[in-house]
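Next up: a single chain in structure tokens, the form predicted alone.
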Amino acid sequence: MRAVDAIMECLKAEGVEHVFGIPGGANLPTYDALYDAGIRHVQCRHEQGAGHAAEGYAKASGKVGVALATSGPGATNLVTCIADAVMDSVPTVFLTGQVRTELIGTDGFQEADISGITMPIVKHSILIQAPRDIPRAIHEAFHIARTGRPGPVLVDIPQDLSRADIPYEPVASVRLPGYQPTTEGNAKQIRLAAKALANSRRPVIYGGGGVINADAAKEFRELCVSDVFPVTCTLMGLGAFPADDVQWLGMLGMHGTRTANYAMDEADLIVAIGARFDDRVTGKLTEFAPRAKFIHIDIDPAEISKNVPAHIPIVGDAKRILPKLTAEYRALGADRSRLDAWWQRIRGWQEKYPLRYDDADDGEIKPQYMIQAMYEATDGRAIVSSDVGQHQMWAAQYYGFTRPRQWINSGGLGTMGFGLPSAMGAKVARPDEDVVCLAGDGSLIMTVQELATCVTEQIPVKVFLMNNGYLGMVRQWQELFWDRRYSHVEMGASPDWVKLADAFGALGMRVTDKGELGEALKTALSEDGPVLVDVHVTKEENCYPMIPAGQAARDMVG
């Protein structure tokens, strides 16, 4: 059969039901094979939209997301998505067309060395050099993307090779001798970790996005409730532990709660699971958790002791390690009362420093109020995607996520424009769930063309736009640290979002009074198709609390 038809057989064998992309000259053979392959293709309006949609699909479902692009600019438009996927460990496969083999290296029309361009930002990349290699390459790409620490894999396929006839035989299994991720965890280290937990007086359990990537939220919670351990999570880990649980301290980090950050600062033992101690969590690294010893559990050995030295390192899959750690800890019969004084200290912080804001007396809509209204309108059950900025942090603070794969956002790369296309992918993956995109006006304008995709493909995403007329987070930093010199952060009056939504064929709504907000959001959620609700909020509200860049957690402001 044609190599491209073999690609379709491989995708179906991998369980692929949906792909996102845009056709072009170099991947025309692939699109010809897609015509009757029985795989749903979502035609996006920009390759960046396709890449982020594949990420949203993967994050919402736990499956590998797939995006297709042609050569040259089609492929380079995926670069941001690939970088985003590698930073947040998103299992994705990117299939790009390439110019014919005799044109490679000649600066042919729409030629770009996408393998070279993306080399620093992929988990693995494969440039097809012989058509017979294509089936195995596709299966290897999926295997590498989903196993170990998940991540993006690029397969670049020259057009002439994709059209060649090959003797296709199904690939039953993939074995890569040079790629054997450690999954089980060292038994001795797990016992040491259990003993350290039993001896600790001020422990904190700190979960990251790796808990969700490993589908280990259930195992994570069982460890946390094996005693009254205080629990916090990173931005990417929200939902791994229910935010309505009494042991929950809130998110930690730059815009986390004072309670979570102060607890980390005074802890004597920190158990980090699927987290990488990035700068948004640690603040000034030399002053991070100065009293603590660290247990670090991670699937990627490169993360262990990369930023913070691990006293007890455990390399492996959290889903396999955590039940063993929980069993070892319970077998020790630790005295639960040893944590009473620690909880007394924590409850004092919670009472003194709750998340709070000054609500408006008139009809003005505070951003925090908008998040609370969104929570009430969705009963806290919606899958929420967000763009990047103040609105993202307010959602992390005030929405209260209770389950994994409910919160979809760009963490490590912080990609503006991520929200709408990722919501689109999430809705394709989870069609029976309400999917809400919380957007900022600065971010939404970057990928708003995907509203056309939502309308044409009948993907009923609800976009709740937090419109403050600024690049809000940059404006906040200019106010606090640059003497209020607002340099090029005002967004102006363009566009009229309601008219723009109408032009795309979506329903556009505008809300300027908080008394009308709740009902408007409920109306939007009840509509069958895509909706954009333009919510005008306080223009210069700041997102607090915050750790100023380069300072310690104990130096939080606001």
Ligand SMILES: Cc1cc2nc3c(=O)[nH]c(=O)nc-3n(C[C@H](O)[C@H](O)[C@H](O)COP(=O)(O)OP(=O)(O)OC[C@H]3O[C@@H](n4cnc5c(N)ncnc54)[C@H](O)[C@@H]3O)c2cc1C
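Note that residue numbering begins at 1 and tracks the sequence as displayed. Remember, predicted model here, so these are calculated numbers, not experimental data.
The same protein also has a form predicted in complex with this ligand, omitted here; what follows describes it.
- Using a 4.5 Å cut-off to this ligand in the predicted complex, each of Met87, Asp278 and Asp300 places a heavy atom inside that distance.
- In the predicted complex, this ligand lies within 4.5 Å of some heavy atom of Leu235.
- The closest heavy atom approach of Gly412 to this ligand in the predicted complex falls within 4.5 Å.
- Residue contact check for Gly253: one or more of its heavy atoms lie within 4.5 Å of this ligand in the predicted complex.
- In the predicted complex, Pro150 approaches this ligand with a heavy atom inside 4.5 Å.
- Think of it this way: in the predicted complex, this ligand has a heavy atom of just one of Pro91, Gly74, Gly210, Pro203 within 4.5 Å, and the residue is Gly210.
- Think of it this way: in the predicted complex, this ligand has a heavy atom of just one of Ala260, Ala141, Ala318, Val436 within 4.5 Å, and the residue is Ala318.
- Checking 358-366, 454-462, 423-431, 235-243 against this ligand in the predicted complex, the stretch whose residues place heavy atoms within 4.5 Å of it is 235-243.
- Residues are counted as partner-facing when one of their heavy atoms sits within 4.5 Å of this ligand in the predicted complex; in 367-404 these are Val388, Gln392, Met393, in sequence order.
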